[in-house]
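Next up is one chain by itself, shown in structure tokens, the form predicted alone.
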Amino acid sequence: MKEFVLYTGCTAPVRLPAYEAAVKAVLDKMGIKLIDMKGANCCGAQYVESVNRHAFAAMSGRILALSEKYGHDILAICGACSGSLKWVKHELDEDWKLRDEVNALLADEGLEYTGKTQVKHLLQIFHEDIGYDAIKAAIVKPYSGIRLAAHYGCHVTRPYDIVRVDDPENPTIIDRLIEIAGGTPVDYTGKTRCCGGPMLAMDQSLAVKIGLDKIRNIRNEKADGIVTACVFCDIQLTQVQFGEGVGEKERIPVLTLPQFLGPALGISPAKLGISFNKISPSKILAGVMEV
């Protein structure tokens, strides 16, 4: 059984706890053991990163150093966290002066970054550590007749030279998993574009416009739902559908990838947090479980 240290980040436990629950349920089903990281801090993604690069390096560096004490690689379920940790790991591995500065700060806690651990996003666990064949073999309740749009998120796949998750211009992992579980992956205009979430703190109206543009493009392809593997993207693509101009019947349900896979693997709704989704995915799940 493979083991990973789980880093949930700040947002998932507070605003999207169902994602964390679904990750644990699905990975346990697929033979992956997760160890909760104790005493972790914010990774500093985006906002600290844009203000003070050394503070950003110290924040993510501390998380990396904590994982070394566990002796296992990190699974980061948030796209922004995954990107931050991978970027800082790259910087610390390449810049020894920066590493010494960060380790001087970490020494007060008895921590040290040495570069032993790797960082993986959830998509990599499915693709690299479990594998498509094993997932296909574990499907017991395949979907049928459901059209789903994959949204990958910016920080999950970019920059490729650092994150190395999937092709940033033509990502396929979520689409492949949709297909394996019996659904039909749907292509749409702007598939690899941002959801607008990172703009919320600077320009809320622009952030909403970007999110709604993506929703409209997906709706134009008559998709039954959206599948994503990023905390911020899930929240953003859901909440923009509750503003002016979007009627209740027009809303498209957003599922995290493990919430989508779980029912096909025979996992109960309670373990996946389905009831916490703001837009009911009942149409999607009707054929594989009772919601």
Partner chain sequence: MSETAHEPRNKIAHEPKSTFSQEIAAQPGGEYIRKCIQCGLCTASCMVANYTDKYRPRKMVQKILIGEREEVLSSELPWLCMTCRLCEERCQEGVSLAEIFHVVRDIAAREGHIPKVFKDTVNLVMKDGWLLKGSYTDFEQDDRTSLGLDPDLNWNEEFMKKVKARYFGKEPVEGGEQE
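Positions refer to the first chain, counted from 1. Worth saying up front: this structure is predicted, and the values here are computed from it rather than measured.
Missing here is the form predicted in complex with its partner chain; even so, the following discussion is about that form.
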Quiz item: in the predicted complex, does each residue in the set 146, 148 and 171 place a non-hydrogen atom within 4.5 angstroms of its partner chain?
Solution: no
Practice problem: Name the residue from 261, 59, 237, 64 that puts a heavy atom within 4.5 Å of its partner chain in the predicted complex. | Solution: 59
Quiz prompt | its partner chain: the contacting residue among 42, 265, 246, 30 in the predicted complex [heavy atom, 4.5 Å] | solution = 42
Quiz item: Okay, which stretch from 71-79, 172-180, 197-205, 125-133 lines its partner chain in the predicted complex, with non-hydrogen atoms inside 4.5 Å?
Solution: 197-205
Quiz item: Are any of the heavy atoms in residue 35 no more than 4.5 Å from a heavy atom of its partner chain in the predicted complex?
Solution: no
Quiz item: Hey, in the predicted complex, does residue 220 get a heavy atom within 4.5 angstroms of its partner chain?
Solution: no
Quiz item: So in the predicted complex, does residue 116 come within 4.5 Å of its partner chain, heavy atom to heavy atom?
Solution: no
Quiz item: Does its partner chain get within 4.5 angstroms of any non-hydrogen atom of residue 159 in the predicted complex?
Solution: yes
Quiz item: What residues of 11-26, in sequence order, lie within 4.5 Å of its partner chain in the predicted complex by heavy atom?
Solution: 11, 13, 14, 15, 17, 18, 20, 21, 24
